[in-house]
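Quick setup: one chain, the form predicted on its own, written in structure tokens, and binding and motion questions come after.
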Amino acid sequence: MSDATGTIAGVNGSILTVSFTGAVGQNEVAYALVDGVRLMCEVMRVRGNQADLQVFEDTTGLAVGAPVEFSGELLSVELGPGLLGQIYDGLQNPLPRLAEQCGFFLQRGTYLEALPRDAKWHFTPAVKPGDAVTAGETLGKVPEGIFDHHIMAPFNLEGVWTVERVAEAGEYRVTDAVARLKNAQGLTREAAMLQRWPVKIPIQAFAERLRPADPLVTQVRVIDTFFPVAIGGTYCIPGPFGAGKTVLQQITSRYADADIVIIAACGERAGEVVETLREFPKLTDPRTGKTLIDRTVIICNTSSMPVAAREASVYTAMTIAGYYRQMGRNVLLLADSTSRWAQALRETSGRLDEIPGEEAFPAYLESVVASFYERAGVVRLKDGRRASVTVGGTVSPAGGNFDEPVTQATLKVVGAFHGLSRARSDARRYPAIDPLDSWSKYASVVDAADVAMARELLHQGAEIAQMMKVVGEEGTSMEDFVVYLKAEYLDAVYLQQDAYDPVDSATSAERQRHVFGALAGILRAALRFTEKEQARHFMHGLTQITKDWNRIAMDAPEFRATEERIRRTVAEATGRA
């Protein structure tokens, strides 16, 4: 604990004004005492001998004159083996163990160790006495589920250190010292499996930061083909309530080409979070055949939990993601929903009497959002391996208004925008990503020229559809009507997927390239019809055949047979049969 002491001088909701003596720093953890209970706080602002603290708990009972203790440490998380498969709250309290201790209603002021101290892990050293190491380099490994968990030199080491002693292979607890390091000045330091790291400071114990380039295959066709995400990139999914943001995130977390999945439920409704907690232990991981929860960490902070903890939850998730990236893993971080996090920032800012920005959000909202997303990226580690953190955040704009501040602040910093449409959702078009409003700065898994042609066709089809609402089919030329039917065909057979079909629910990059190449030929074909009813009947039939094709495994004999049937059907309409 710090030598600084303080007393409460004012209470404004979740914000305390504390008069203190001694040294106090921003983002330092403090504890307010009430009825023998210690409530965790974080220092938000220091002015002279007064500090403003946000409390992560219910502040009932706190009054002027109550004592406050300062820890001298920044808000931090525990990093070490045992994180995978865990469900934490925003402050990294393990919720299952918290429920065992407190029952259905969690008691305020109860804080548990994030990693169990009694569990033993089989440590295998990767260094020997005399080896030189720097921050973040591997000292040894322990098995954690399907991965080797790297035990790394503390991230805050400065300069080169020499290994004086390393533990032999065997069973150790996370608090046991597994190595002793010594620097050129003669200082020694013990390294354990567990280390603590401040959540608001990025882990940067790597050699180089690289530009995201390779596509992250999510096996969702509309994303991988039209609005791709790069490994180590950033993207956002804004959309109105009920448009499918959470479902899309769950599908992505299951099939995306990532080693570790971190889910940060920062203020979402409890019902949606409970669905995630129930489904993930049951879902089969297609990569391993085991349950998806085995390579997932869930940070659970629902809308019914204290508002101040929402901010901590996104940084807790990001720090854990950065930790696994430091091991050489590709990590996917899904934040749901950043709008709730921004609302917590707005409430805290208002209670601090800061000058508000647009819609009462803090004036520094854009910089805070940017600082969160910029912690994503691809890095080259000191041993030459590449690793990444890919960040996808959902946004819940009121009324589906994409012009509101949180959505606009997010759009300025992400590399892909997957806007969900209420109209497409109501029409049961899954995923409900709007192909006209969405965009991406990353490379697609298929040919760029084919994608550009298809997107232009979709835009033309939408314009013709709007025109037809006014003039009807009778006032539409056959050429325009065929373009409209082609756009509807592309939407029905490629942009939409059957989430309940074992084949169509996830499409590999190889299959996307093959299928989209075939569809591009159909879309470019000069289809000839004499009547609009004939054109409609033909395209409806072609749509059904292609949907059946989507449900056939690529290695099945029927796949090639159906593809040939599609080719012959199109050839008849072009007059080249």
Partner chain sequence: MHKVYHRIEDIAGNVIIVRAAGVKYRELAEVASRRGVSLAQVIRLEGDHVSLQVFAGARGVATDARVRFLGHTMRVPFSDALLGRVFTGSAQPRDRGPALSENMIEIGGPPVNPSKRIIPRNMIRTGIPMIDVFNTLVESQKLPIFAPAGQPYNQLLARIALQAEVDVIVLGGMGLKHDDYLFFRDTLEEQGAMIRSVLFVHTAADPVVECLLVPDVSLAVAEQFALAGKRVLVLLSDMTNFADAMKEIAITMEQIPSNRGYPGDLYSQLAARYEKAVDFDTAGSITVLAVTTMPGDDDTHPVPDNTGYITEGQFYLRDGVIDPFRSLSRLKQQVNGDTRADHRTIMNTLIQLYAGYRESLEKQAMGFRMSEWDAKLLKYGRRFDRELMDLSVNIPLEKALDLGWEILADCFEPMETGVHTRLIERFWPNSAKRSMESDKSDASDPSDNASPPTPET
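Just so we're clear, the structure is a prediction, and the values are computed from it rather than from any experiment. Positions refer to the first chain, counted from 1.
What comes next is about the form predicted together with the partner chain, which is not displayed.
In summary, among the residues L98, I260, V483, I251, the only one with a non-hydrogen atom within 4.5 Å of the partner chain in the model of the complex is L98. With the partner removed from view, the residue among R278, R211, K412, K128 that has a non-hydrogen atom within 4.5 Å of the partner chain in the model of the complex turns out to be R278. For the marked spot (L106, S396 and K469), a heavy atom within 4.5 Å of the partner chain in the model of the complex is present in each of the three residues. By the criterion of a heavy atom within 4.5 Å, R310 is counted among the residues contacting the partner chain in the model of the complex. Although the partner is absent here, A526 sits far enough away that none of its heavy atoms falls within 4.5 Å of the partner chain in the model of the complex. Contact between Q544 and the partner chain in the model of the complex is found at the 4.5 Å heavy atom cutoff. In the model of the complex, the partner chain sits within 4.5 Å of a heavy atom belonging to E474.
Per the 4.5 Å heavy atom criterion, the partner chain in the model of the complex is contacted by stretch 236 to 244, the sole one of 154 to 162, 413 to 421, 236 to 244, 69 to 77. In sequence order, D35, D58, T59, T60, G61, L62, A63, V64 are the residues of 34 to 73 having a heavy atom within 4.5 Å of the partner chain in the model of the complex; the partner itself is omitted from this view.
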